[in-house]
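There is one chain below, alone, in C-alpha cells, taken in the form predicted alone.
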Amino acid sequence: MRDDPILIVGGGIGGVGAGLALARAGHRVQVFERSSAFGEIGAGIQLGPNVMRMFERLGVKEAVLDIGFRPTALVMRDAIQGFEIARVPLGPGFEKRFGQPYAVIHRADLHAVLLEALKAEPNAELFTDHDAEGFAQDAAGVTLRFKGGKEARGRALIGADGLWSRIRQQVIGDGKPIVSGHIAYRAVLPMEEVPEAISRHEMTVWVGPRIHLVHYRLRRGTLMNLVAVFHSDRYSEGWNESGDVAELERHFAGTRPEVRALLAKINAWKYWVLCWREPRRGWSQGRVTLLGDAAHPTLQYLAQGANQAIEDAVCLADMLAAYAADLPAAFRAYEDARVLRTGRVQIMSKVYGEVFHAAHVTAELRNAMLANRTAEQAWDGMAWLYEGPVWPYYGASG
C-alpha cells in the first residue's frame, strides 16, 4: 500500500537525507535512530559540485552554503620540505567549469540542515532509541525488529546504518569491513588560535611518507578543521575515541614547523581507524536495500562519503518514481544506477591514500605528475567525479 511507510534504519546524514528525498517525493517515511537523539559527531566534510546538485534538488543548497565555508583553492604541500606540489583553484573558474561551487562544512551543521528540512515534512516521522536488530519480509512488506522487542511494519526498508550495518549483514552477510592500516586524528581549533603561518582561505593538505595533514575552515570561517592521518597497526571499532597526543607527535616528527605548530595547538584529539570494503553488488533483496556507507563504505581520500550517500538518496527517490508500485524493481534499478560510480569512488579513494602517503621515488613520480598543471588540466582530472552523477531523472525529489 502506498500509505504504508518506507522504513529507514539510521539517523545520520545518509538516513536523514534519504528520508528527506523520499518525503519530498510524496512517500511516507519513518526514520529510526538507535541513539537517544538525532545528531552527528565528527568534524569537517568537503562538498563537491556533484552533491551541490543534489542539495539543489532537495531545496537545501542555500542553507548549506550559509553555514559552510568556501575555500579559494585546494593546495597540496610537501610536509617535510614545505614546497607546493599542486594547486587547484576553487573560485569562479571552477564554478563555471562544473556549474556548482565547492564548500566545506561541519558534519553536525550539514546534519542539522537536513534534519530541520525533514522535520518540516508532514509525512515524515522520526524515532530515537530504536536499535534495529534485523528484519523479515514478505510479498506485502517488511517487518523491522528492534532490541527490546519493538517492531515496525512498512512497505520497504532502507539500511542506512553505516559501516557496521546490521541490515547489510542480513542482506549480504560479508562480515566485518577491511581495516586499512590508517588512523585519523581529528580536531577543531578557533581561528584566533591558528598560527599566522597557516593559510586562512585555502584548503591545504600536507603530504609525507605514511602521513598527511589536511586543514580548512568551518562554520562560516570561525573554526579550523584538522585531520591528521598516519599508518598504524592499532585497531578499534569505535571512531570517536580519545587520541594520544604523544603518538601523533611521534608520527609527525620531522615535518615542517608550520605543521608541528598547528598540531601543537590541540591538546584533545579524537581518532578513528579507517575501514572500507571492496565494491560489490547485492545491496538489494526484495523490498530491502542499502544506502551510503552500509552499501559502499569508502576511505576518506576523495572526501566523498557523505556526498555519495546524498546522491544515493536522490537516485533512490527517482527510481521509486519511475517504477511506482514495483519496489523490488525500483531497488534493483537504483543499485544498477549507482554501483559502478560508488565502486569507482571506493577504489580511487584507496588509490589516493597511496598517493598522499607516498615516499621516495613514488613521491617523486607523484610530484612530477602533478607539477605545472594548469587549472583546466586539474579540473579535467576531476570531471568524472564532479560532473556526475548520471541517471534518468524523473523529477521525483525536486
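Since this is a predicted model, take the numbers as computed values, not measurements. Sequential numbering from 1, following the sequence displayed.
In what follows, reference is made to the form predicted together with a small molecule, a form of this protein that is not presented.
Original post:
Do Leu274 and the small molecule come within 4.5 Å of each other in the predicted bound form, heavy atoms counted?
Top reply: Answer yes; at least one heavy atom of Leu274 falls within 4.5 Å of the small molecule in the predicted bound form.
**OP:** Verify the contact flag for Thr362: yes if a non-hydrogen atom of it lies within 4.5 Å of a non-hydrogen atom of the small molecule in the predicted bound form, no if not.
**Re:** Close contact is absent here: in the predicted bound form, Thr362 is far from the small molecule, nothing within 4.5 Å, heavy atoms only.
**OP:** Examine Asp131 and determine whether its closest non-hydrogen atom to the small molecule in the predicted bound form is within 4.5 angstroms.
**Re:** Yes, Asp131 is a contact residue.
**OP:** Indicate whether the small molecule has at least one heavy atom within 4.5 Å of a heavy atom of Val227 in the predicted bound form.
**Re:** Result yes; Val227 sits at the interface with the small molecule in the predicted bound form.
**OP:** Heavy atom within 4.5 Å of the small molecule in the predicted bound form: which of Ala306, Ala152, Val207, Leu90 fits that? Just give me the one.
**Re:** None of the other options qualify; the answer is Ala306.
Subject >> Proximity to the small molecule in the predicted bound form, single hit among Ala187, Leu248, Leu327, Ala184 (heavy atom within 4.5 Å) >> reply: Selected option: Ala184.
Original post:
Of these, 334-342, 40-48, 349-357, 365-373, which stretch puts a heavy atom within 4.5 angstroms of the small molecule in the predicted bound form?
Top reply: Only one stretch passes the 4.5 Å heavy-atom test: 40-48.
Subject >> Residues Phe32, Ala160 and Gln300 all lining the small molecule in the predicted bound form, heavy atom within 4.5 Å >> reply: Affirmative, all three are within 4.5 Å.
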